[in-house]
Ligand SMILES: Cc1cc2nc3c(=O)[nH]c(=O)nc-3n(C[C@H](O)[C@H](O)[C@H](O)COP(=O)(O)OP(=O)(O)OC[C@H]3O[C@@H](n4cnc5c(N)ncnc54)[C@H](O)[C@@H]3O)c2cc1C
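Just the one chain here, the form predicted alone, laid out as structure tokens.
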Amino acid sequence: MLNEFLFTQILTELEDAVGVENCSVKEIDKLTHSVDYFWLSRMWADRGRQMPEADFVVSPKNAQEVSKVLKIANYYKLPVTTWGGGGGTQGGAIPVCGGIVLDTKRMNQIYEINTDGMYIECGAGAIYKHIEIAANEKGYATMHYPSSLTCSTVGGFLAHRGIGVVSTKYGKIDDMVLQMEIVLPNGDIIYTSPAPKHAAGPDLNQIFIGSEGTLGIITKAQIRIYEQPEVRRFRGFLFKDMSSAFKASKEILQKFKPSCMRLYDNAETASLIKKIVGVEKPGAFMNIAIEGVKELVDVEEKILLETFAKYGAEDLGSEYGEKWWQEKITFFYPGHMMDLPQCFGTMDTIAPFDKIEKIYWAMKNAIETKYPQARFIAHFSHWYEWGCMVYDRFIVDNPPEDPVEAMKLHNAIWNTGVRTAIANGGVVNDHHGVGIKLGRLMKEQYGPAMQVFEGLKDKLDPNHIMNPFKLGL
């Protein structure tokens, strides 16, 4: 707790660093930076409890101003939590220790659209939809289309290793970034190498991408752009079970990469897909998108139909697939997505092909057996040549009204689900990040290897001011 004299002294220094109008101690600003999309933060506030708040909310415009803020924070040993769009689900942006919230949204400039180098250079505070629009105006695309495209920032996606619906062909956000500008905890401004593939030591990009603001603050990035595909075709299929779908998908991915692959378990097909897409038959629904040069897409579509037919998939044609594409964000709108007062969570577990279905059934059985008030549904939305991720959800329609009891139930279900995934060969998280929600499970995931992350933290952030208690650090 800062005394009034020291509080005022720090406030004047921060105002000098970023401008009086860009430094706030107003209750409304602190309140709006205390609740992100993390279920516990929303529930806690909804039940009338106060979330932890920052002492100061600052909005720097560039790396130089970020550097000044971090030097002040280090001197006074104040925690610093970076805030992008506030759309994260893991509590990564919540200032649990007070201190400074550093809101990046003034760093939203688009500096360059380089069609020779095939990248956009932009500030980390840019809303991703805005850089997609800028690329579209030049005839290109970023090919990063997550559900939070319209409300989350470039830096937020980089901090949590975000992913979009066409990831199977184009990769995750860490595949899409070339170079980054980063401010280290001591205020030094550094740049990663100008090319992401090299033999000049470890790739610095991959040290800071996914570090959730615990090792430094990303302030600028070069994001790849792509020519718009000549054609994009959709195909919906209905498999009798998920085992057949996995075998078919594994075979396809050894031959070519569709841009989008979405497989829904029987429960989600019977509920969400029926409601939004209109598929009413029992089974596991899968939507595939193929895109690129027309001649190649023709060949890939032929291979797709022949391969899936071998595994008994019913070809539903293009209508259902196109409907899915048009409504791909609608799934997350109010009235379709789970919401308060329900208790819910998405675990997004990643694993190789030989483990993923086993993980699905083990998690479903563990959660629904131990917590009969919970439902477990899933779809498989991001695929690789070696495996895929399960977008695994639990839903409790009537959680405890008492916020403490609700938190205990929420965390207990997460413990059961994630520990079951780890025990069966899965990884804690694929693309939503770790935040404070899953930090306790990082050591269980990595064991003695956790000292590598802790060593980086101790060296780069010896005062441990950067986003404390996130990522298990």
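Bear in mind the structure is a predicted one, so any value in this text is a computation, not a measurement. Note that residue numbering begins at 1 and tracks the sequence as displayed.
There is another form of the same protein, the form predicted together with this ligand; it is not shown, and what comes next is about it.
Contact annotation: of the candidates Gln222, Thr168, Asn205, Ser152, the single residue with a non-hydrogen atom within 4.5 angstroms of this ligand in the predicted bound form is Ser152. Note on contacts: among Ala73, Ala124, Cys260, Val101, the single residue with a heavy atom within 4.5 Å of this ligand in the predicted bound form is Ala124.
Although the partner is absent from the chain shown here, none of Gly345, Val396 and Pro399 has a heavy atom within 4.5 Å of this ligand in the predicted bound form. Of the stretches 294-302, 228-236, 86-94, 275-283, only 86-94 has residues with a heavy atom within 4.5 Å of this ligand in the predicted bound form. In the predicted bound form, at least one heavy atom of Gly216 sits within 4.5 Å of this ligand. Although the partner is absent here, Asp392 sits far enough away that none of its heavy atoms falls within 4.5 Å of this ligand in the predicted bound form. Thr82 belongs to the set of residues with a heavy atom inside 4.5 Å of this ligand in the predicted bound form. Using a 4.5 angstroms limit between non-hydrogen atoms, Ile163 touches this ligand in the predicted bound form. Of the residues in 135-151, those that come within 4.5 Å of this ligand in the predicted bound form through at least one heavy atom are, in sequence order, Pro146, Ser147, Ser148, Cys151.
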